[in-house]
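Okay, so here's just one chain, in structure tokens, the form predicted on its own.
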């Protein structure tokens, strides 16, 4: 089997910890032994940080964090780190403005993603727009943050941009839903020439008959460009008599037409097993939101929310995870077609 390469930047200081000697390698993803990297009451006025996204920036790391305030309302806070593990947060929530420079704060904002496309960083989050919908803002310096047009009508969640244009167009994954918490469970792809007008919506993949993702799925970290295709870490959800269980899955999308699924792992890559994943404000959650990856070494650090209370860190290596996904791949006709009916 030929070696798989990450297409992207070198990040020599990517957070990393070798697989523990007592880990038998059952799955290609292993946890940071010092998890969780963000605990309870991490900043003044913030009870919990989880489901947050980070990115390399000027040789260090910067992140957008879902901060559950002590009044229960979630907003997005900015954080900085020397090593991608230990974080300091700005006291005030991110000050979003409109294009005229006026204050333009969402009523609430949660589950942010952070993706760089060309010379601009985009923050994507879930908010209220007469129902659950997607909010977007842009920045080039992490000092000023300009909100731009909402990409979709309500109801929608779990939106994440691809880190480069494809065929000259911005691409975004999302999961349409209703006003509740669950019913629509599939991932869709939309494209835009300008980050304002979105169309050519395509079905990517849906929930499956596998136990761990039989209720719904949703986008996670921004797709990673590789020589095999776009590597996607996503979340899959099942229902139990004690509530939902969120696991992390993996798929590989076609590099030029990412509505086509080339490979889709039938097993989860990570599922709640540790105390900080099983016990918290919402138990039994592992929810991927970001990766930091180094093209030279193939190392990948996965940031994931744990039990809606903590942030966990896990690791994998590009050859190992792609090989595992391909060896355990099960795809359907709906996965492999272009998603247009």
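Keep in mind that what you see is a predicted model, and the values were worked out from it rather than measured. Positions refer to the first chain, counted from 1.
Heads up, the form predicted in complex with beta-D-mannopyranose isn't pictured, but that's what we're talking about next.
Pick from 109-117, 199-207, 78-86, 260-268: which stretch has non-hydrogen atoms within 4.5 Å of beta-D-mannopyranose in the model of the complex? That would be stretch 109-117.
Tell me, out of 295, 282, 62, 47, which residue has a non-hydrogen atom within 4.5 angstroms of beta-D-mannopyranose in the model of the complex. Selected option: 282.
So, a 4.5 angstroms cut-off on heavy atom distances: do all three of 66, 287 and 308 pass it with respect to beta-D-mannopyranose in the model of the complex? All three within 4.5 Å in the model of the complex.
Would residue 234 show up as a contact with beta-D-mannopyranose in the model of the complex if we use heavy atoms at 4.5 Å? Outside the cut-off, so no.
Contact flag, residue 51 vs beta-D-mannopyranose in the model of the complex, heavy atom cut 4.5 Å: Output for residue 51 is yes: heavy atoms within 4.5 Å of beta-D-mannopyranose.
Determine whether any heavy atom of residue 125 comes within 4.5 Å of a heavy atom of beta-D-mannopyranose in the model of the complex, and answer yes or no. Contact check for residue 125: no, nothing within 4.5 Å of beta-D-mannopyranose in the model of the complex.
Heavy atoms within 4.5 Å of beta-D-mannopyranose in the model of the complex is the criterion; list the residues of 245-271 that meet it. Just 246.
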